[in-house]
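Structure 1 and structure 2 below are the same protein chain in two forms, each given by itself as structure tokens.
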Structure 1
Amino acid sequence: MQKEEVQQGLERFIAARTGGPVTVSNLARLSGGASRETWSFDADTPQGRIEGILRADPVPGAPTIPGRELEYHLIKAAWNAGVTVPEPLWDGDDTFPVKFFVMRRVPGETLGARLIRGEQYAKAREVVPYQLARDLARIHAIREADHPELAGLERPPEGKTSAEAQLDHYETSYRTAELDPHPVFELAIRWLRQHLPPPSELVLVHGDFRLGNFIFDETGVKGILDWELAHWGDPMEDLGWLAVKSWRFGGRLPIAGVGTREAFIEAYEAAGGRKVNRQHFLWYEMFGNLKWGVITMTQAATYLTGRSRSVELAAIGRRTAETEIVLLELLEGRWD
């Protein structure tokens, strides 16, 4: 959408909800990928200033997972459950030709390396693991029975556990990437097949819960972001993904680079999270490293086959070897 169209549309949309008139200023499109448009703005209303974010599909009818309407309901359910998320303000209507919603803007930082190295974030590094554990426990407490508006989220196919379904998906992605063989991935897939965890109760899984996907400041976590991969699944999936080595951004400790597994597990359980089976957790950490490795490989394939000339995809494709080294370490029992 064009900037003038967004400004005028936002002024009409917000005015109808605040008793207008409304003036929108400081409107700027933020980076956020091709699957959505994200606009930051300030709106002066009869009720005061709103510092907001507009999230919208890029074009009418664009297939997005989840769709903008479902993303709004996800964030609203999380907000109502006490999760640290930006406040969802309004779901969209027909103001724009695309699906959209508006939420409150949260100030802070998202770059993981800055949390790990920034002197100003020393206090945040102490509290972030406990805050993440609390938020994850609250996410996993959200039940489909209480939220029929979330029924459209993906779930494992009938007759398969969440772990089986996830492993099937990424093994298929690996085998269809049309690149060189990766014996380490073959070994990891075999190990994961042989050690599948038992079925678990399906809960709301964030799907991309990691350093880089939450806003933080000097006091810690300020907002959990990036709900695009949310689904009904095994809660341990989120725990294992958070511990993937690539998401530590050079930090020495496994949980977001700043926390230990045991302290995080204790905090998660104390906050009402599921009782954690350590082997179950480690299975998902192994799977998470394989998953990221397959993603780097498929993004490289997108570049190498000419489907995209993105230098970012090419650069990410060079990281496949990093995940193979980590997987070999994990297969040897070296869980740092």
Structure 2
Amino acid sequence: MQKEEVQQGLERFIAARTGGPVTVSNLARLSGGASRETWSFDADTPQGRIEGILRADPVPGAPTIPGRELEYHLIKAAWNAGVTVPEPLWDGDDTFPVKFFVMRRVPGETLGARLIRGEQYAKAREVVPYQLARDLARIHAIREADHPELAGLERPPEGKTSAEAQLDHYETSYRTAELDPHPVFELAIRWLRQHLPPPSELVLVHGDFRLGNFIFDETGVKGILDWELAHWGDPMEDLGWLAVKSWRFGGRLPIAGVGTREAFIEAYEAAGGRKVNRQHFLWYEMFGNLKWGVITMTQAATYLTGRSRSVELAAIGRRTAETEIVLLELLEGRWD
């Protein structure tokens, strides 16, 4: 969307909710986030100043997913469950030609490499794994029975475990993206098929719980973001994804680059999380690396088929090899 359209739309939208008139200032589109438009703004309203964030779909009519439709409700459910999330303010209406919602802005930063290297984040590096473990345990305690508004989220089809359904989904994505043959992916898919974990209970899975998707400051985690991939599934999926190599941003340790698996598991279980089976966790870590590899291919395909002209999406196609080297390590039994 153009800046002027966002400015005028926001002023109308917030005025209707605060008893207007409203002036929006400091409107800026934030960098990063290839699948969403995120705008930062300040709004002066009759009820005071709101430092806000607008999250919107990129283009009208873009194929959507339940988690994106329900992102506002997801953040609200998380907020009520005591998860560290930005305060959700209002779900969108037809102000813009795309689906959107508004939440309060949380100061801090999200860039993974800054957490790993920033001198000012020495203390944060110590506490982040424990804070993430607590937040994840609280997310996994969210029950469908208490949240009928989240019933539309994806779930494994009848007769399939969550793990099997996830593997099926990403294998199909890989085979339909059809850029070039990837023997490493074939080996990984085969290993994953032969080592499928047993069925698990279904809980709310964040789906993209990792360094880069939470706001942090010197004191650690300030807000878990990017809920659009949330679904009902196996809690271990979030643990494995968190440990994926690309989400360590150069950090030496598996959990967000700064924590060990064992310390994380202990904190997660202590905070009320599910009992963790290590094999099950490692299956999802292998799967997570495969999944990110497939996503790099499908994002590049978005560019190659002309659906997007973004140089960022085009360049992501060359990140597939980063996941292949990790898959090879894991296939040879080297879990670092």
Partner chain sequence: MQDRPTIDELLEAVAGYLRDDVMPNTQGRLSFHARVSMNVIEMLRRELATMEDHLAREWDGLDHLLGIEPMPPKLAAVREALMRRNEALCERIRKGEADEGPWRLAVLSHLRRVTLDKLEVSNPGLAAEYREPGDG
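The first residue in the sequence of structure 1 is number 1, and each one after it adds one. We call the rigid core the largest set of C-alpha positions that still match within 1.5 Å between the two forms. No experiment lies behind these values; they were computed from the predicted model shown.
As summarised for this chain, the first structure is the form predicted on its own, and the second is not. Treating the motion between structures 1 and 2 as two rigid parts, with each C-alpha given to the better-fitting one, puts residue 168 and residue 255 in one part. Remark: the rigid domain rotation between structures 1 and 2, smaller part against larger, is 13°, computed from C-alpha superpositions. In the core-superposed comparison between structures 1 and 2, the CA atom of residue 91 travels 3.4 Å. In the core-aligned comparison between structures 1 and 2, the Cα atom of residue 46 sits 4.9 Å away from its counterpart.
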